[in-house]
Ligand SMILES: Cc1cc2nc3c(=O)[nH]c(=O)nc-3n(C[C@H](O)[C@H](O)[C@H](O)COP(=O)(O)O)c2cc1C
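A single chain comes next, written as structure tokens; it is the form predicted on its own.
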């Protein structure tokens, strides 16, 4: 068992950092302490999903969200987080090396101001329930853009009905493609929690609660409609249900947002993760629900044509990379996804 000094600022900031989003709620982060100030952040290779995220792009985006939470938490305690990305050199963008993603030194600095977005960290949750269908106004999109430095990671937004329906169709097709591969199905089933009992015995993944179903509905669905046994023995049925659900989720959005970068190096992905986290935290402050729509922009070869279609639909040049695609809208909150104990990340 790892014993922590509760007075160590690094413990306090990490308790906020690990509330960051990650693909399938895999929480693919490793940390280590060096000296009295430094945190070393790396990718946990045992928590990668190479079928769904073959080059680890989503994992590095999640590392960026982790760092943004850490930075916000440090400022709230009167510390400056000096973040040195990829201190061992520029990494390859197609493989996940063992090298650290960042060295972070926490320096006491009473001149730093607490960012109000820090207060939204424990309230920010990926909301997979059906949204109300009410349009997100352009003014809200403007506030999301103003929540971060958008010069390197621009935000696109539309609440056009035709575009939302087109994205919904592409997202449904993308879900079907994703679940047509045995390895990708296995990864999805590994992190999907079909019953409350599975949720209670897990510290990662996500389940029906994050889709807004109540206790009785979760019991009925997990027992009779979509059980682990049925999904495993009949992945085609699982795929049909997921495709239908995805189309309905996206079609009911009040708006579609996306973050893109000119390049697709690891630093671009980390920057996109930090930007995405600030966008999501600001969305929480504005009373907006948000859910990533990751399948249509996945990096495996099966998705290449559809990914090009998303670029064309959104007007993003083929030379750029859409790092995050997400739906926005209005909905009641959902329970938080579980988190591992802090000691498990060391």
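Values in this document were obtained by computation on a predicted structure and should not be read as measured data. Positions refer to the first chain, counted from 1.
The protein also exists as the form predicted in complex with the named molecule; that form is not presented, and the subsequent description refers to it.
Asks: If you check in the predicted bound form, is residue 17 within 4.5 Å of the named molecule, heavy atoms only?
Replies: The answer is no: residue 17 has no heavy atom within 4.5 Å of the named molecule.
Asks: Answer yes if any heavy atom of residue 67 is within 4.5 Å of a heavy atom of the named molecule in the predicted bound form; otherwise answer no.
Replies: Because no heavy atom of residue 67 falls inside 4.5 Å of the named molecule in the predicted bound form, the answer is no.
Asks: Just checking whether residue 294 would be counted as a contact of the named molecule in the predicted bound form - the rule being heavy atoms within 4.5 angstroms.
Replies: Yes - in the predicted bound form, heavy atoms of residue 294 and the named molecule come within 4.5 Å of each other.
Asks: Would you check, heavy atoms only and a 4.5 Å threshold, whether residue 126 touches the named molecule in the predicted bound form?
Replies: Heavy-atom contact with the named molecule at 4.5 Å: present for residue 126.
Asks: Could you tell me which stretch in 314 to 322, 301 to 309, 284 to 292, 33 to 41 has residues with non-hydrogen atoms within 4.5 Å of the named molecule in the predicted bound form?
Replies: Among the candidates, contact is made by 284 to 292.
Asks: Considering 86, 118, 258, 206, which brings a non-hydrogen atom within 4.5 Å of the named molecule in the predicted bound form?
Replies: It is 206 that has a heavy atom within 4.5 Å of the partner.
Asks: Pull the contact list for 328 to 346: residues with a heavy atom within 4.5 Å of the named molecule in the predicted bound form, in sequence order.
Replies: Sequence-ordered list: 337, 339.
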